[in-house]
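A lone chain, given as structure tokens: the form predicted on its own.
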Amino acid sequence: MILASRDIIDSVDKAWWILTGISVVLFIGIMTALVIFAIKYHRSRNPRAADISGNTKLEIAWTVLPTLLSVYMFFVGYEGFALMRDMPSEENSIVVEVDARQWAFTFRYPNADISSPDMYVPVGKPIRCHLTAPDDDVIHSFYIPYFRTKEDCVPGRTNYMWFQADKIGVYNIFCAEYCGKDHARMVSKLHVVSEEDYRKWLTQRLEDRFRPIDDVAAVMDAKSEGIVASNAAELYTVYCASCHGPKGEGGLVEGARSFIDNATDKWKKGVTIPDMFRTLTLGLDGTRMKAFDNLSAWDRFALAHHVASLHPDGPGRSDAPIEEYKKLIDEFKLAEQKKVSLDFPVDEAIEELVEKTGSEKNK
């Protein structure tokens, strides 16, 4: 097994140059012949058309030569495809689950039970991506141009692709399959970092994911440390703005709620911060509003506060008594996350994710 994205990049680039060169040569040849024949056989030089019965040798040539050329082009492209499909096993790679939906990618790290809107991987490690989309969504295509890797995210099934970053940097991730109104905005980032920085990032995400909510005042205050740390504006742009608008005006897709109108009675679960938290956690049946329980509880509270702040009258209309927050925390057992955090083998999870290098020998 060849565990290096550089091999895939070189193979794809080689195929591109060869196929482009063949196309240019054929284009020039065909256009040159067209001009020569147009001049040579113009009716001013040939007032009476000649009756040509056929040319067996020519017919064999233009059948056999293009066939051989097509077969050659197939194998040139297949060389890179074979490298892409020769993926490392789950045991010898870092697994990242890529969930694509209109119009954002979410990256989950199943071994650590965390997720993020951007993808983070350590340099020099094989990364195995499991690609999917919700059953009621559309086909997306996960594309990392720098690494020449692209694979469809198909609703209801799982596709696979892999890469291994050879240098530290930040790279673009695009959706390469037209998927609706905000297809062009379905952009994310791949952060290739050192192993040490990857450990730090994982540790921080684990802490955020399992940090308990045992201080009611912290989630009631939009300016508390925990809420501010979640960067709600960025989360809103990634997960909400495509449907509800950058300013909460709504209506960008069918049924998308406006956050700035005064018709609070039309909110299915209510307009208070606890109500919004429930909506983000459970989704709304029968609508395109899906659950965002992949986000940490702190992120969901931050989003709820951000949505409340979009209303012209300010967030005051979304205020709720402290009893409602206590009820919510009990309902979703948010304060019990401390037990999960203390018991969760953080070091072992990080070690398992980072240290799973390929033990298989290169073929």
Partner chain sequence: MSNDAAALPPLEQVDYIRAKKGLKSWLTTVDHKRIAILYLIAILTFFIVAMGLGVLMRLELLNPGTDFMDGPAYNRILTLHGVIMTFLFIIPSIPAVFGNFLLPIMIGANDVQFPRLNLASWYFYMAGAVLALIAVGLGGVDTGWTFYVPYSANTDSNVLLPMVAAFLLGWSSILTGLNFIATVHRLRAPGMKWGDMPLFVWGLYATSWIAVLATPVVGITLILVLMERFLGIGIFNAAMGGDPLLFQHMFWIYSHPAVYVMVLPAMGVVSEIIPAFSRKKIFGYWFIAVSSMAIAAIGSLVWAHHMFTSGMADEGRVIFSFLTFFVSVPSAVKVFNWLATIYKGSIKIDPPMLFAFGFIFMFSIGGFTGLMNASLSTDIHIHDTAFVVAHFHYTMFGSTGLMFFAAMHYWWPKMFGRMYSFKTAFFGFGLFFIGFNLLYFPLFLAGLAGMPRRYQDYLPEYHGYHAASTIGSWIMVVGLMILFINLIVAIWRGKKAPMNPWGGATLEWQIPSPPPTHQFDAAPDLTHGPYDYDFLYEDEDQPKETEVKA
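This one's a predicted model, so the numbers in the text were calculated from it and none came from an experiment. Numbering follows the first chain given and starts at 1. Take the two forms, find the largest set of C-alpha atoms that superpose within 1.5 Å, and that set is the rigid core.
There is another form of the same protein, the form predicted together with the partner chain; it is not shown, and what comes next is about it.
Q: Identify whether the partner chain in the model of the complex is within 4.5 Å of every residue in the set Ser89, Lys167 and Leu284, based on non-hydrogen atoms.
A: Result no, not one residue of the spot touches the partner chain.
Q: Pick from Glu331, Asp313, Glu59, Glu323: which has a non-hydrogen atom within 4.5 Å of the partner chain in the model of the complex?
A: So the residue touching the partner chain in the model of the complex, by this definition, is Glu59.
Q: Would you point out which of 92 to 100, 275 to 283, 199 to 207, 78 to 86 contains residues with a non-hydrogen atom within 4.5 Å of the partner chain in the model of the complex?
A: Result for this chain: 78 to 86.
Q: Using 4.5 Å between non-hydrogen atoms, is Val123 touching the partner chain in the model of the complex?
A: Outside the cut-off, so no.
Q: In the model of the complex, does Phe174 come within 4.5 Å of the partner chain, counting heavy atoms only?
A: So Phe174 counts as contacting the partner chain.
Q: Can you check whether Lys268 is within 4.5 Å of the partner chain in the model of the complex, heavy atom basis?
A: Looking in the model of the complex, residue contacts with the partner chain do not include Lys268, since no heavy atom lies within 4.5 Å.
Q: I'd like to know if Gly245 sits close to the partner chain in the model of the complex, meaning any non-hydrogen atom pair within 4.5 angstroms.
A: Gly245: no, not in contact with the partner chain in the model of the complex.
Q: Heavy atoms within 4.5 Å of the partner chain in the model of the complex is the criterion; list the residues of 22 to 38 that meet it.
A: Read in sequence order, the residues that approach the partner chain (within 4.5 Å, in the model of the complex) are Ser23, Leu26, Phe27, Ile30, Met31, Ala33, Leu34, Phe37, Ala38.
Q: Please determine whether the C-alpha atom of Tyr178 is displaced by 2 Å or more between this form and the one not shown following superposition on the rigid core.
A: Result for Tyr178: no, shift under 2 Å.
Q: Inspect the rigid-core superposition and answer whether the C-alpha of Val76 shifts by 2 angstroms or more between this form and the one not shown.
A: Superposed on the core, Val76 moves its C-alpha 2 Å or more between this form and the one not shown.
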